[in-house]
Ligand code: HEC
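In the form predicted alone, a lone chain appears below as structure tokens.
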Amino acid sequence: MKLARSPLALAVLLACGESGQPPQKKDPAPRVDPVAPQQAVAEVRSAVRCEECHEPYVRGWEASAHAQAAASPYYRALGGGDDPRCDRCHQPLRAALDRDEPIHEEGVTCDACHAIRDVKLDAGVAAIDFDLTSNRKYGPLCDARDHYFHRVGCSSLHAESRFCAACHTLAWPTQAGPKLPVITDFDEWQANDLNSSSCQECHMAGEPGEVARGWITRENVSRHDLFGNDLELRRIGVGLRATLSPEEDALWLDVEVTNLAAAHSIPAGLAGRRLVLLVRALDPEGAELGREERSYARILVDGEGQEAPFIRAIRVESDSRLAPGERRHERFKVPAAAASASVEVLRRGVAPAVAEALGITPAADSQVAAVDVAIERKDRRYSGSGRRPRSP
């Protein structure tokens, strides 16, 4: 792959003899043929090649949002591949390679991270410095040695949250006023008191394994799936409790939702994502008697006050996300005929109004936490018999 750049100009110097003098015999000057300047060649390879030695890493990456960045329906609906402001994170190598290179379809592929030499932050805007010509792959292991396939570079940056901030910070310009906060994970992490751990320590927590095929086993090899097996990190990050509160002739369900572990607000990432608290009252046969929802999200709206994709929004209508360590209390009235209550926290990746505006079909909600609450009746009064956790 060749770096996309303008060809360098060659300057050719010609020597002329003095005029008016008879020519002098000289040894003929050696002839120098002009040679085209050698262009730097990008040593960039597909994840398929990286898999030959780093299979566990690539398998984890394949399950991550990084691997799907170029195929994201939201990104595609916004003209993915045509706007450098979006490409810089969804297809990071487009800025350095020819735009038709097939590696761009891999999204945030191996070299999109391991060819980064530096990240500079300036007023919330990140500049990424790629090294694509030295065949050096950067990472936080400083005892690794160069080998026949590529060189290695010791990079403490790859263990710092600043590295992730290159893409996990986004403020979008509007014509109506200040920039809109669209992705603020790094800013929130930096501002709170729970930032003793880096992004990588949570999202790439290590486990014993080989860094490369045939190498010695290390105690701490970083995962690349970002959320663990079956999105474990999302589940352990959200606390859910539900208790019954009898009051005279009515029964109330008190629910507590907690941001247990995230050092940033949840839901994280793109504005418009939601955590949805869904409570359903069920009769003795399990039939639904009624349902109620509460949602937590940062909502951006357009000039008509309707929720909109960030590129069409002009202001933040509300922000009800859960801050680090925050506990949110909700109360629901239980129908008289209810025998149990089902309580769930769901993650909704795209708001219905935004999906409709973009013409995309959103993915189904995914369950983050759940509990079931049984209800017993005694002398026409209500009492809770306790709760039992329910696995997603």
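In this text, all values refer to a predicted model and were calculated from it rather than measured experimentally. Residue positions are given as counts along the sequence shown, with the first one as 1.
Note that the form predicted in complex with this ligand isn't included here; everything after this is about it.
This chain appears without its partner; in the model of the complex, the one residue of Ile299, Ala159, Leu244, Leu180 with a heavy atom within 4.5 Å of this ligand is Ala159. Note on the partner interface in the model of the complex: the residue among Leu282, Leu322, Val221, Ala308 having a heavy atom within 4.5 angstroms of this ligand is Val221.
Although the partner is absent here, Gly290 is not a contact residue: none of its heavy atoms lies within 4.5 angstroms of this ligand in the model of the complex.
Residue contact check for Ala65: one or more of its heavy atoms lie within 4.5 Å of this ligand in the model of the complex. Under a 4.5 angstroms non-hydrogen atom cutoff, this ligand in the model of the complex has Gly80 among its neighbouring residues. Taking the partner from the other structure, this ligand in the model of the complex has no heavy atom within 4.5 Å of any heavy atom of Arg117. Residues of just one listed stretch (146 to 154, 312 to 320, 290 to 298, 247 to 255) have heavy atoms within 4.5 Å of this ligand in the model of the complex: 146 to 154. Counting a residue when any of its non-hydrogen atoms is within 4.5 Å of this ligand in the model of the complex, the hits in 127 to 147 run Lys137, Tyr138, Gly139, Pro140, Leu141, Ala144, His147.
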